[in-house]
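Presented below, as structure tokens, is a lone chain in the form predicted alone.
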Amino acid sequence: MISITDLHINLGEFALRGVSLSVEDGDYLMVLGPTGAGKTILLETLAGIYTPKSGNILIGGKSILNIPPRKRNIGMVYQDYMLFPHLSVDKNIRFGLKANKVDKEKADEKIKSLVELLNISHLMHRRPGTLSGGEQQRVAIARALIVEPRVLLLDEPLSALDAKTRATLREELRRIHDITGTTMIHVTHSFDEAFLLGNRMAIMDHGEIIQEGEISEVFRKPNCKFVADFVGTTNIFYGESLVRNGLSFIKIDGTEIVSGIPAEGHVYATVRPEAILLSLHPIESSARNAFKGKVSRILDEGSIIKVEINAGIPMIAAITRRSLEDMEIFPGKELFMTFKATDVHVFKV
């Protein structure tokens, strides 16, 4: 287990401010945030490139702050590969084993298994400059994994690749994690990568961890306006909330939304578009929220259609193309919207 406690470091333009984070053994943690949020500094501080001003980093219950980078048993892969250009693929991968004085027979066995896993056994004689971007990144990952690190740090490893190669390597990273069980911390700007690879997520901004937890939980239940905006929450409403019988009744520009989360005062309320049920007629149900409105916009996003409806406040619902056609939805058409109080997430201002 990795335990980061109240980590502070100041590098002028970039800093970490009181970062605390726990990563369980075998986790695949995705770290997201805007440019300059401190994501790479966090990885490089873990790797030992920077020494924090205060705070602590424990791995397996022991502080690593006074351990030199090469003895931390932490691997790191950057987006620009950072391979040794004058060495063959074989020698690049073998480098860490040689530094750790692993005997040749054991090294050969480890390398054979890993390069087969990464589908690069046919590249062993070549030099990095003759490889494609995807091939170079596979070699970089192999070089990091060959020493069996306790933690593998990945700093936007797929961002420099074309879409097809990125998708392929993303699948390979997931497969490698499933097979090896290595704890991974992966910095990315891609929500697709986060959903497809990670089991947990941390959102950073201005050198701080703003929210962390299971990925679906962070997306469905942001803890502040910044996270809600960052993860692309569509329906965000600001209003005044009163609590009655354990429910929040939130006034938003004259419209009242009911939430199952009790919160008094000024709040933000969010509703995921897929939680809103559209119908041509009122639906009898136990759902606390039911509105009638007119379609103002139809947003075609391929397999999913988003329908914006003005019901005193604008709300966006997500439906299938089949539903759009079956209900013959067009701008100006009147529709009914229904969603449960449990689908309304609330957080304080």
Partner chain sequence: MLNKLLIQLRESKFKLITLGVAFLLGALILTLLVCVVTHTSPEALLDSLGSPEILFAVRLSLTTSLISTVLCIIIAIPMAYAMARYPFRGKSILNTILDMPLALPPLVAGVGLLIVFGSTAFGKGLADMGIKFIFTPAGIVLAQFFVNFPFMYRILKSTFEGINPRYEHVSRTLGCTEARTFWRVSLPMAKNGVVAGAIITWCRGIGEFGAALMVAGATRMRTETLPISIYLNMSCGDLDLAIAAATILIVISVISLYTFEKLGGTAKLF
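Bear in mind that the values here come from a model prediction, so they are computed numbers and not experimental data. Positions refer to the first chain, counted from 1.
Not on display, but discussed next: the form predicted in complex with its partner chain.
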query	finding
Distance check, Ile49 to its partner chain in the predicted complex, heavy atom within 4.5 Å	yes
Partner contact for Thr180 in the predicted complex: its partner chain, 4.5 angstroms, heavy atom	no
Contact label in the predicted complex: Pro68 to its partner chain, heavy atom within 4.5 Å	yes
Close approach of Phe95 to its partner chain in the predicted complex, 4.5 Å, heavy atom	yes
Candidate stretches 307-315, 56-64, 23-31, 40-48, one within 4.5 Å of its partner chain in the predicted complex by heavy atom	40-48
Partner-contacting position among Ala107, Leu117, Val147, Ile252 - heavy atom within 4.5 Å of its partner chain in the predicted complex	Val147
Position in contact with its partner chain when the complex is considered in the predicted complex, options Val139, Met76, Ile209, Val187, heavy atoms within 4.5 Å	Met76
Its partner chain in the predicted complex reached by all of Lys112, Arg126 and Glu172, non-hydrogen atom within 4.5 Å	no
Contacts with its partner chain in the predicted complex - residues in 1-15 whose heavy atoms fall within 4.5 Å	none
